[in-house]
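Okay, so here's just one chain, in C-alpha cells, the form predicted on its own.
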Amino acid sequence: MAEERDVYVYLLPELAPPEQLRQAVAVVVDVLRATTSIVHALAAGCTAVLPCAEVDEARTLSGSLPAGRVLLAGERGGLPVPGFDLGNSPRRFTPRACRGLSVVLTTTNGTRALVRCASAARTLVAAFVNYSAVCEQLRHETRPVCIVCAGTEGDVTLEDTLLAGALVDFLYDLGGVRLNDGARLAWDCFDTHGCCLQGALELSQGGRNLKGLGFEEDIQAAAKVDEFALVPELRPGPLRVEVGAVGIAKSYWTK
C-alpha cells in the first residue's frame, strides 16, 4: 500500500507552522483579490510580481528598481494606496498596463500570506481563475500539501475556504491522502457553496466589502474558473512570483 500524503488547510496564515511548511508544497489562496490579481498580471505579460508586506517596503523596493520598468500596486482597506500606479483589481492588470514590467505588490492580506510561505519547499499561487492548472501541479507532487488561506485582517474568509475546499476535493479524489480538520472544514464548505460560486463570493464578507467600495466587477473576475492555464510560483532571492508552469490536461472543476 502506498504511503498516505498529508493535506493540510490553514484558514489563516499564522496557523501554518513554519517547520511544516519547510517540508511541504504550500498553496497560497487570497481569492478577493491578491492571488487572482497575480494570475492576471502574469497572464498579461508582467515579468514578475514582487510581494511586500508593508506599504513603505513596497515604495522602497519600487524606488530601487530601474525607472520605467516597474509598476507599484496594492491596497489598504480595499482601496488603492495613494501614489501607487494600480490598486488590487484583477481587471486592471492588462497587457497594456504591465507587459514586460515588474509589479511590486502590497495588499492587506495576500502578500503577507506569501511572505509567510517563503520558507516552504515550493510555493504556488492559487485562485479560481487558475484552479485546474494548480491541480495539475499538485497531481504530480509527492510532498505534503499545505493550503494557506490569507483571510481578512485576522478573520477566516468564506471565499478562501471555498477554494481550499475545492483543492481538497481534487486531492481526495486522487486517493491516498490524510486530511487535517481544517481540510475537512474547507471540503464541507466547497460541498455546500461550490455549486453557486459567484453567489458565494458575493455573500462573503470580502465580497460585501468590495461591493460597498464599488468593485463588483472584481468579484465577477475572481469567479471565472479556469480562465488561465498558468501557475505562479514564489521564487527566492529576491522574493518574487513568476510563471512556474503553463498548461492543463483537463478541467478538474466538478461543480
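These numbers come from a predicted model, not from an experiment. Start at 1 and count along the sequence shown; that's the residue number.
Omitted from view is the form predicted in complex with a small molecule, to which the following refers.
For the candidate set 46, 27, 210, 201, a heavy atom within 4.5 Å of the small molecule in the predicted bound form is found for exactly one residue, namely 210. Taken together, the three residues 34, 78 and 108 all lie with some non-hydrogen atom within 4.5 angstroms of the small molecule in the predicted bound form. Interface residue remark: residue 130 is not counted as part of the site for the small molecule in the predicted bound form, having no heavy atom within 4.5 Å. Look at 130-138, 114-122, 100-108, 181-189: in the predicted bound form, residues with non-hydrogen atoms within 4.5 angstroms of the small molecule sit in 100-108.
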